[in-house]
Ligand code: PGA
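The form predicted alone is given below as one chain in structure tokens.
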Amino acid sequence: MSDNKNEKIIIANWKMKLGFGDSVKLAKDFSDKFADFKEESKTVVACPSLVSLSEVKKVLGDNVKMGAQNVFWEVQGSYTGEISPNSLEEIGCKYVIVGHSERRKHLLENYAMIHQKVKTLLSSSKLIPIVCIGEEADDRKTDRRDYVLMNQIQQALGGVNIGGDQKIVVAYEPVWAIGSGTALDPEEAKYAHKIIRLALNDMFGMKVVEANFKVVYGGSVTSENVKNFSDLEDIDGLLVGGASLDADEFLKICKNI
């Protein structure tokens, strides 16, 4: 991720959809398909499962960066089953997803944990956190979305110091849209991203937000609907789930944003 304000970042989240062998196979497909992808205004990231990270890195190619799907908030210690940011850096990760809604739902990860992870990443590593926020269906129905988004941002990033060449990606994923096959209406996405930027501006100042933050959209994005989001103001890229499991489909998305 560069300092180019117009740069788009497109992140593939493979989740726990693939085993080790299939992850390596998809990484090879990515390497082949993206071999000639030379668009300097776009950064492409793939986030495979933890067990396949090292092997995926070997075959991924130079045009696709690697990210992890999770990290712990300590760099070392007696934390069985967790993964250190230093270990992720060592095997070639550049990015890490923090606080995905599926972890918040299934593993009871809360924003106090997310906050600790972000602080550790910024203080102890060069990894770029991809911090996930997003409202539930009930929040949308009761017009609480704005409050929920601002509250999540405050809990995740309040008191965090960011400067120099440090970067943070904020991923807006309306929880009700993830995996549903129904993407958010583009105008609604535009409004939500505006709210997010206003909250970030209040916390960090406009200059820091412009220089150090990207805000991306995620939620049932495909090559067919990507153009609905590609030119919207305040949207700096995409976090793609199911559609990223097909290298041809994901390449179309990356080309069309």
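Worth saying up front: this structure is predicted, and the values here are computed from it rather than measured. Residues carry their position along the shown sequence, with the first being 1.
Only in words, not in the display: the form predicted in complex with the ligand, which the text now covers.
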- Indicate whether the ligand has at least one heavy atom within 4.5 Å of a heavy atom of residue 109 in the predicted bound form. no
- Query: Would residue 220 show up as a contact with the ligand in the predicted bound form if we use heavy atoms at 4.5 Å?
  - Reply: yes
- Message: I'd like to know if residue 13 sits close to the ligand in the predicted bound form, meaning any non-hydrogen atom pair within 4.5 angstroms.
- Response: yes
- Query: Does residue 239 make contact with the ligand in the predicted bound form, using a 4.5 Å heavy atom cut-off?
  - Reply: yes
- Identify, from the list 158, 92, 179, 163, the residue with a heavy atom within 4.5 Å of the ligand in the predicted bound form. 179
- Find the only residue in 102, 146, 74, 136 having a heavy atom within 4.5 Å of the ligand in the predicted bound form. 102
- Message: Only one of 82-90, 138-146, 115-123, 169-177 has heavy atoms within 4.5 Å of the ligand in the predicted bound form; I'd like to know which.
- Response: 169-177
- Out of 113-151, which residues reach within 4.5 Å of the ligand in the predicted bound form, heavy atoms considered? none
